[in-house]
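Below you will find one chain, with nothing else, as structure tokens; this is the form predicted on its own, and questions on how it binds or moves follow later.
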């Protein structure tokens, strides 16, 4: 691993995406949303009439689809996108139907193997801020910069509701933590931040302070 990788893992609605973007912008690093990659496969399966609950069919779809990683810049943020046949389904992967399919697609072992390979292929794009659920444990366990975000179930549910999303986070937490491959867990050596009563600026500030101190900036 030649470039710096900052791993930001955590539970659903713990602020991973918001804080990862803030950190990436502040440091001039490349932002990688690994959850968007799983969402892209879930969207693809729905488009191709592949049942998200059929693990073999999902694994087969993941083997066959034509994808490419691309680093793009928008609003001062460089980010890696997973293109399908040259297209990035930015809006489509955020629909309720796609969201419902994601946990089932993400639990398929062959899918996770494929995703880890792709996510590690992001490293040549430059220094990374990568967010997800298994970055510090499975994708880049060797990185020295690991953070794990969490918040109370009530706070996370309120955040989802404020975004107009109804999701059973307790059930999602259980699925994520009990799946057979790469379960959600605190990475070894990670700094755990419970941001239940913190703003995004406060959370990202803690992360940036530690990173800058350790990098000697």
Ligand code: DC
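Residue numbers count along the first chain shown, from 1. Just so it is clear, the structure is predicted and the values come from calculations on it, not from any experiment.
Same protein, other form: the form predicted together with the named molecule, not shown, and the subject of what follows.
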(message) 106, 176 and 179 - do all three of these have some heavy atom no more than 4.5 Å from the named molecule in the predicted complex?
(response) yes
(request) Please name which of the stretches 145-153, 29-37, 54-62, 187-195 has residues with heavy atoms lying within 4.5 Å of the named molecule in the predicted complex. (result) 29-37
(request) Look up in the predicted complex whether residue 122 has a non-hydrogen atom within 4.5 angstroms of the named molecule, and give yes or no. (result) no
(message) in the predicted complex, does residue 102 come within 4.5 Å of the named molecule, counting heavy atoms only?
(response) yes
(request) State yes or no: in the predicted complex, is some non-hydrogen atom of residue 94 no more than 4.5 angstroms from a non-hydrogen atom of the named molecule? (result) yes
(message) Taking the named molecule as it sits in the predicted complex, is residue 81 near enough to touch it, meaning that at least one heavy atom pair lies within 4.5 angstroms?
(response) no
